[in-house]
Ligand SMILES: NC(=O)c1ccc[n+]([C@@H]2O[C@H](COP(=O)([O-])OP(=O)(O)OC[C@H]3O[C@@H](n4cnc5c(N)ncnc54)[C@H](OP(=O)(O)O)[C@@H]3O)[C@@H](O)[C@H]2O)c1
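There is one chain below, alone, in structure tokens, taken in the form predicted alone.
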Amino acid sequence: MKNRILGSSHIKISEVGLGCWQLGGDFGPVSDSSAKEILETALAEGISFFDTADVYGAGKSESYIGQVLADAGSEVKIATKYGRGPGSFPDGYSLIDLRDSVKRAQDRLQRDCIDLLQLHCIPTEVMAYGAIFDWLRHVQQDGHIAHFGASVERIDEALICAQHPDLTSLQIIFNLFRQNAKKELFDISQENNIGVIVRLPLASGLLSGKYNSSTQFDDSDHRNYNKNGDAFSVGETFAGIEFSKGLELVKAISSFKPDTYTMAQFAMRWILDHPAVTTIIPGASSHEQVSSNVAVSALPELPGELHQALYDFYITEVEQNIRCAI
């Protein structure tokens, strides 16, 4: 596993991390044994960055991480989030609320200091007002968190957060269906030494190439209940692409793929080829999937002309099908 430095933090993390949204049950039910196996496999495969949130399964994801990674060592870094929980979102933010949320996360994660706390897709006006960043600094100075960043839904929100010189990271949606960060954010993030964490690298699994028109998702899976943005931003599900249209686009994109890559490997290798990206955080529903994701780190970079062809395809065929502001 190759490693990269996360922004100005000097923290070295694996360039393939583990997104732990699935461990909260929001991609369908997950058993205790399966969650444990996924986390243990990630450690064994060299993953040293784990991303979760207080609202994933109402704390269930954090609790799994705390149980399995309690003795993992200081080289293993855990990032969690604040801002979408009941009583906080959309207008209950305060220093007390933030501090109490962090303390609850510390208990579940079994950590005295959280490596990275990220604002979790909070309203744009709260980001722009800026007081919440001062509260983050207070909690940091108190020793509850080592670093702070922000997870955002749109690039304009990322640019608001990037104005804070002590911001360590930005977590964004970036994949073959959402390429706008290449032109609108990456130069600024590199200039300001802000790490970029990429979520939804496979667009909720759509870019894995494993789905078809007969694929069904569990009632508890956001790919079912949020497919049209009924629960939260539609951009968080299939990167905002309508499912059947996404299947068409994946079929077309697969024609660009080298024969020796799986579709999932191709999609994730494309992301890692961008120097501004620090890590990708694909989720996993099995230990085999963890191992397959990790293998992407060892694959060679894709040719420059292929990157250009994929960007041209995005501009002409994909971008107009995204059903949300990006």
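Owing to the predicted nature of the structure, the values given are computational and were not obtained by experimental measurement. We number the residues from 1 along the sequence you see.
This next part talks about the form predicted together with this ligand, which is not shown.
Put simply, Asp54 is far from this ligand in the predicted bound form: not one heavy atom of it is within 4.5 Å.
In the predicted bound form, this ligand sits beyond 4.5 Å of every heavy atom of Gly66. Residue contact with this ligand in the predicted bound form: Ser169 places no heavy atom within 4.5 Å of it. At a distance threshold of 4.5 angstroms between non-hydrogen atoms, Phe27 is in contact with this ligand in the predicted bound form. Looking at 280-288, 66-74, 297-305, 253-261, the stretch with residues near this ligand in the predicted bound form, meaning non-hydrogen atoms within 4.5 angstroms, turns out to be 280-288. Relative to this ligand in the predicted bound form, residues Ile47, Arg111 and Ile145 are all farther than 4.5 Å at every heavy atom. A single residue from the set Leu116, Leu136, Leu176, Leu200 has any heavy atom within 4.5 angstroms of this ligand in the predicted bound form; that residue is Leu200.
In sequence order, Gln289, Ser292, Asn293 are the residues of 289-316 having a heavy atom within 4.5 Å of this ligand in the predicted bound form; the partner itself is omitted from this view.
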